[in-house]
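Take a look at this single chain, the form predicted alone, given in structure tokens.
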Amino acid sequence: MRERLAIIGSGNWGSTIAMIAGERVLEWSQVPERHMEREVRMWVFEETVDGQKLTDLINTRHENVKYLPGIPLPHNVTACPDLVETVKDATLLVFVLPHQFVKKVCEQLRGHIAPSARAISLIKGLDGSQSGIQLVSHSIRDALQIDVSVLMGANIANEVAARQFCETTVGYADEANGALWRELFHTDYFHTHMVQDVAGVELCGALKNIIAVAAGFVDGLKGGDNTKAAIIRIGLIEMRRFASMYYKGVNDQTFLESCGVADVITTCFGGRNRRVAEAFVLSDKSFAELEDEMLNGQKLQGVLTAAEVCKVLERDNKLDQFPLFHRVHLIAEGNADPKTITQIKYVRGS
């Protein structure tokens, strides 16, 4: 069986992963026993940039001029505006798009993917519903009936694209698939480790964005490093508490991987959730307005994740066990002053 890789998404992070995976696929395709197709298709939501189609610009310049300017993409990466065409005959699917669009994308893909397909999700968000919260990887798994691993870590896209050293974490259920994904993404600058804990890895990737919003409030208020460190510590406790409360089998060791503490630290000092939350404090604009102004078409996940998490916690009468998550949500909704981020009542216990 010949493997073919398709990337579903083409934003800042999606284009960075296309760079890494495209180069690795070129290496694999030169080894006969790998049975790997050279072409990597990348689904691009078509838009016009400077009067031209973004897909045409990517395919002629070999660069995503809107979402990852200045970074060359391998020539074997092909931008495709048709989702179904992108995944045709693909056995390896990489999902890397805002989590709000996953359900619709899966509906379009159902019945159009290869029987042997496996997937990996790089999506840092949670699916909220009336019944509670579902992991994005589980949503993809259930919709398409395929195995889905996850990849999360301290990975600011522009730094990875510049080949600055970092680590990342693959969470897997099927060990063989986990090992395949690890080998596909591992490079000398993008060290990839694997753990058998899909839920733990994915929850870290989603919940850390709430903590980053809190850190941004601190920065906007001109709080010091001590204050931010306290917020990070409390946030880590709530992240672990939520994971163990709602998902059985989450491994404590996962929180020490790149997807855990390292990603929290990175996002609280350099991520877009922190940056926009700081601007929220310093301006009189809403998060929606700031997202439009500051993110060049990217989506802000921390505020949405906080809302979805708090909806479940309120339903289960557990909000008092998550004072930081709850306060972030209240502030984001305009129901509390950002200054109150340091006035939360810390809850001890596991």
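What you see is a predicted model; the values in this text were computed from it and never measured. For every residue, the number given is its place in the sequence shown, counted from 1.
The same protein has a further form, the form predicted together with a further copy of the same chain, not shown here; the description that follows concerns it.
Chemist: Asn155: heavy atom within 4.5 Å of a further copy of the same chain in the model of the complex?
Modeler: Yes.
Chemist: Taking heavy atoms only, is Asn226 within 4.5 angstroms of a further copy of the same chain in the model of the complex?
Modeler: Contact check for Asn226: yes, within 4.5 Å of a further copy of the same chain in the model of the complex.
Chemist: I'd like to check something about Glu257: if you look in the model of the complex, is any of its heavy atoms closer than or equal to 4.5 Å to a heavy atom of a further copy of the same chain?
Modeler: Judged by the heavy-atom cut-off of 4.5 Å, Glu257 is in contact with a further copy of the same chain in the model of the complex.
Chemist: Whether Val261 contacts a further copy of the same chain in the model of the complex should be assessed with a 4.5 Å heavy atom distance threshold; does it?
Modeler: Yes, contact at 4.5 Å.
Chemist: Taking 4.5 Å between heavy atoms as the contact cutoff, choose which of His193, His75, Arg275, His138 touches a further copy of the same chain in the model of the complex.
Modeler: Contact with a further copy of the same chain in the model of the complex is made by His193 alone.
Chemist: Could you spot which one of Gln145, Gln108, Ser116, Gln253 gets a heavy atom to within 4.5 Å of a further copy of the same chain in the model of the complex?
Modeler: Looking at the other structure, the residue within range turns out to be Gln253.
Chemist: Look at the stretches 164-172, 205-213, 85-93, 242-250 and give the one with heavy atoms within 4.5 Å of a further copy of the same chain in the model of the complex.
Modeler: Of the stretches listed, the one contacting the partner is 164-172.
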